[in-house]
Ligand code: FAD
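The chain below stands alone, shown as structure tokens; this is the form predicted on its own.
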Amino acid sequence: MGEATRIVIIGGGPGGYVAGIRAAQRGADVTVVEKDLLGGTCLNRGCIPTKALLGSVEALHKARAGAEFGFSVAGEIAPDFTRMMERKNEISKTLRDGIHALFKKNKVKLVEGRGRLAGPGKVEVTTAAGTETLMADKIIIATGSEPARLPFFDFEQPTVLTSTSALELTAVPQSLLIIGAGVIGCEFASVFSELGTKITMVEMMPQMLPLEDKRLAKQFQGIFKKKGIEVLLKTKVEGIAEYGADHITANVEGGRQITAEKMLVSIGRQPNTRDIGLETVGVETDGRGYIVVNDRLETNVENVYAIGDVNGGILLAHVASYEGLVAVENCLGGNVRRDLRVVPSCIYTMPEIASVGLNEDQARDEGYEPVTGTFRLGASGKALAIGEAQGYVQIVADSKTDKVLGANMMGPHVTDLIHEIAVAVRNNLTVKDIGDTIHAHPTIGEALMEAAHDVHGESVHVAG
């Protein structure tokens, strides 16, 4: 039996750490290089911290609605922001400790330091103790991304926030200007509006959540309006009029000025490809700085792979993890192709939003003759019982074949429900397959069955 394949992974986020554990399970000699905290942006500065805060404000929201549910709470129901932030950090640490334990169990070596390509099969790591060179048969780059920064904003100012610094606030801002009404901006708006912050959002596109179904986005904007959140669409920020010590004033199109205590810039992300030695070995990047890969996740340099945000595919943690598994199989002699045709999109707002596959307009653009079925949660016994009847489920199908093409949904737990549709799309199942499957009652999940029946005009619970 020959020597184990030496794999060095630069980056310990959801792509890198998953790749490391799988490679070790496959018998490789694995080293993961991480300059900061295991779990990367997702676990420490993104997915998990924001969901922890949303968990806190959702509990706060329910407590405030006690009268509706038949109970009262003595004393004032007020947020303890310090405790919320402590809880967020505790959850991240628990999960981070779990990854360390998995590394130990699977004999994955962790080197804490900044890694960079130093030549064919070489990764140089700068650590607190100095510099060391790791030799590798295969290298996987998993350095992720960071919040994108517009050049005309001064991010050194304490009033200007990124998604990272917003998670480090020590007090709830009285007012917040959010630049960008995409996923990140909307999630932070859901958190801080519940905490009493007056929020204004500025979005240059004609709809919120530009990648989602336009009808869903319009309905969601109405929900935000009822919360007191002002959303300005088709509007650009023209510049900053004043950086104050405790406020910021922005000039927006139309001659309006908006003043807020803080400004959150959430206009997307950019790849962490600087100073990681790409030019040393000649790894190709595109015009935006993302690493170019093929469908086996190979770069143009032999034995060097790139996974997750850094390759500019779909910038989601679950895609990074999936790509980590694909890259490992190929590092070890396999021939697995990346398949991103079916990737669930989940937005953790109040209410939640989820989608997968094609919406109605996209299906029509791709040459299908789409038909939809919809079930509104106002008719769901479970949704009414838990006091979250706002939203709906819509399934999109091909009228010729009955094949499920996708779905979009808004409401409680839809980020969990979306996977039934993902399985259906990936396996070419029909609407009848979903509709004929017995769904438990009362659940939110039976809304999928009802929407499937509605595609054929046969839902017994859809009125008119």
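Numbering starts at 1 and runs along the sequence shown. These numbers come from a predicted model, not from an experiment.
Just so you know, the form predicted together with ligand FAD exists too; it's not on screen, but the next bit is about it.
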Name the stretch: of 62 to 70, 434 to 442, 406 to 414, 32 to 40, exactly one has residues whose heavy atoms fall within 4.5 Å of ligand FAD in the predicted bound form. 32 to 40
May I ask you to check whether P14 falls inside a 4.5 Å heavy atom distance of ligand FAD in the predicted bound form? yes
May I ask you to state whether F375 is within 4.5 Å of ligand FAD in the predicted bound form, using heavy atom distances? no
Considering non-hydrogen atoms and a 4.5 Å limit, does ligand FAD approach M263 in the predicted bound form? no
Distance check, A317 to ligand FAD in the predicted bound form, heavy atom within 4.5 Å: yes
Among G391, G357, G115, G180, which has any heavy atom within 4.5 Å of ligand FAD in the predicted bound form? G115
Taking 4.5 Å between heavy atoms as the contact cutoff, choose which of S163, T197, N330, S92 touches ligand FAD in the predicted bound form. S163
Heavy atom within 4.5 Å of ligand FAD in the predicted bound form - qualifying residues of 48 to 75: T50, K51
